[in-house]
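One chain is shown next in structure tokens, namely the form predicted on its own.
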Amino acid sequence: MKENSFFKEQLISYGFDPTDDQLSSFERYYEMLIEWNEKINLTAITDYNEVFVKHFLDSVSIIKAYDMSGVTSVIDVGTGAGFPGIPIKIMFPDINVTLLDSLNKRLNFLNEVISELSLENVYTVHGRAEDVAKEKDHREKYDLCVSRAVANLSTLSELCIPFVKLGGSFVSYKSDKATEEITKADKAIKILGGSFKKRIDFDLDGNNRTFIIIDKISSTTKKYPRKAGTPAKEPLQ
């Protein structure tokens, strides 16, 4: 198929060497996404080409911005339909991946995907990030926290940085309009024990995308994150 060859070529251009099993996993993932999307709202993007580019390829584009070779554990905050966590797991099978979401019905879908694709060491967690980040099993336990969730960077930093262990990083997937967000989030990032490292801008098949990379340089004080809903209503600025 033309679409498949395009996706495979893009993965190769990113430095991947995709196996037939990995490519088949993405095909099945797409099929399940469309099937379940008729029952629950998972994505507004359903076109085959667009899903493969705007969801799958975008998710694994982290390889352009971050050295994944030393990463053993990732948490995807606000994973939704599994982006970027599931595509990352497919292409980096040795990484332990935790998928966090506040809606059980989305996690039901993800559990089916995990089972269908025979993915190992992938865990789904139901809850609000503000609450789960307080739990000892998750607080400062991950090499990398990723999020494609739609929220300002100040809010996302409070939700995500507490999950990251010292020496790890939080990577936020953004559109190209991130400059103002980075400036506004500077105080929040420092308060939470982070340090803005860099932004990486790239073209995704004609779409401007940005990665914001924040390193964890000191422990997050126990008062953060604040109670559920507060980081979104009153961002640290």
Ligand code: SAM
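All residue numbers are counted from 1 along the displayed sequence. In this text, all values refer to a predicted model and were calculated from it rather than measured experimentally.
Keep in mind that the form predicted in complex with S-adenosylmethionine (SAM) is not shown, yet the notes after this line are about it.
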{"query": "Candidate stretches 67-75, 120-128, 137-145, 87-95 - the one whose heavy atoms come within 4.5 Å of S-adenosylmethionine (SAM) in the predicted complex", "finding": "120-128"}
{"query": "In the predicted complex, residue 99 touching S-adenosylmethionine (SAM) (heavy atom, 4.5 Å)", "finding": "no"}
{"query": "In the predicted complex, residue 109 touching S-adenosylmethionine (SAM) (heavy atom, 4.5 Å)", "finding": "no"}
{"query": "Interface membership of residue 103, S-adenosylmethionine (SAM) in the predicted complex, 4.5 Å heavy atom rule", "finding": "yes"}
{"query": "Contact label in the predicted complex: residue 150 to S-adenosylmethionine (SAM), heavy atom within 4.5 Å", "finding": "yes"}
{"query": "Joint contact, 80, 83 and 159 to S-adenosylmethionine (SAM) in the predicted complex, by non-hydrogen atom at 4.5 Å", "finding": "yes"}
